[in-house]
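Next up is one chain by itself, shown in structure tokens, the form predicted alone.
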């Protein structure tokens, strides 16, 4: 087990493309850090730099206090679990799991012991003599994890390992990965584009955008206190609503003129953010806005209502109880609780330092 420290880490490819811009990050011993962001944000490049599969252009990577920039992948004592499993099709499960140990010259009895222990941990005992082609996707992923675990590395790296699995199996496997990581206590970096997966697995989340880190924090911190509009829109499902607004005479005004709250220290045009689950349907006399339902998406326990608000270009999404009696074309009276509002600068996307008149409940 080990700590990871990235200091001003940069990656520039020969064609001049700068994939990573001065990454600073410290990962504690035994911590599970999930790196998440849209395609092309640099998360996979970052993981490959950690593994030694990409050279670091500048900056420093330290594992357990030792600079490893120049070390080959095999010398970093890191195990990687890939998206495509990368199993040898002609080898049995047992041989796949023990292959790295064999290459290291680990005696056969010790190899067998470690493979057997890991197989028991992962529920693979009955599959040790099978070939990868005889296994399901979930079983192959367990074998790939077993191959990493049996090495007893200092660090685990996961490169979108569940993206090839169906939805139900992904849920099951991410719970298993979290359980195993906690039990083994191995420092882990997990890359995914799936923010639900990220929220489920992470001790801390790293949100990346354009080769830079936007924000680092616990899942709850990033959900409740996003530092930028990008983070606010990326974390949460469905995504946060953003309402065009302006501050006039010290008041926040949205849509065709609805006044939400005083904002004495803010001027000009802003974006008001609120999550679908925080909007409330109320009696007409309590409403901040009226919204016309354009489409309903029943999800069982919940229903998502996609609404149009006069004066706003973007639809307003409201998460409601699945048993709510709604119809398309219906007009709803909507309340925006002030303690749930997030204000963002339109140009920079930065969160504005605004304190709600209501007591915050986030």
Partner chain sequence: MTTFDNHRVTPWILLAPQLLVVAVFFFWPAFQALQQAFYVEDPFGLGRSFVWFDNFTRVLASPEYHRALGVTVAVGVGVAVGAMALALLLAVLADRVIRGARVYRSLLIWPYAVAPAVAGVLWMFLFDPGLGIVSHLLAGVGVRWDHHLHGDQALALVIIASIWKQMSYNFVFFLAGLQAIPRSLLEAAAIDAAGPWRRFWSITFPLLSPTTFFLLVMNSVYAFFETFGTIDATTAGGPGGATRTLVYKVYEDGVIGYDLGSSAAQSVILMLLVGLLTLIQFRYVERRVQY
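Positions refer to the first chain, counted from 1. Bear in mind that the values here come from a model prediction, so they are computed numbers and not experimental data.
FYI, the form predicted together with the partner chain isn't displayed, but the following is about it.
Partner contact region in the predicted complex: 70 to 78, out of 285 to 293, 160 to 168, 266 to 274, 70 to 78, criterion any non-hydrogen atom within 4.5 Å of the partner chain. Comment: the partner chain is not present in this chain, but in the predicted complex one of 239, 175, 86, 116 has a heavy atom within 4.5 Å of it, namely 86.
Distance criterion of 4.5 Å from any heavy atom to the partner chain in the predicted complex singles out 131 from the list 212, 246, 280, 131. Within 4.5 Å of the partner chain in the predicted complex, a heavy atom is found for not a single one of 309, 312 and 342. Looking at residue 147, you'd find a heavy atom of it within 4.5 angstroms of the partner chain in the predicted complex.
When contacts are judged by a 4.5 Å heavy atom cut-off, residue 151 counts as touching the partner chain in the predicted complex. Of the heavy atoms in residue 103, some are within 4.5 Å of the partner chain in the predicted complex. Using a 4.5 angstroms threshold between heavy atoms, residue 51 counts as touching the partner chain in the predicted complex.
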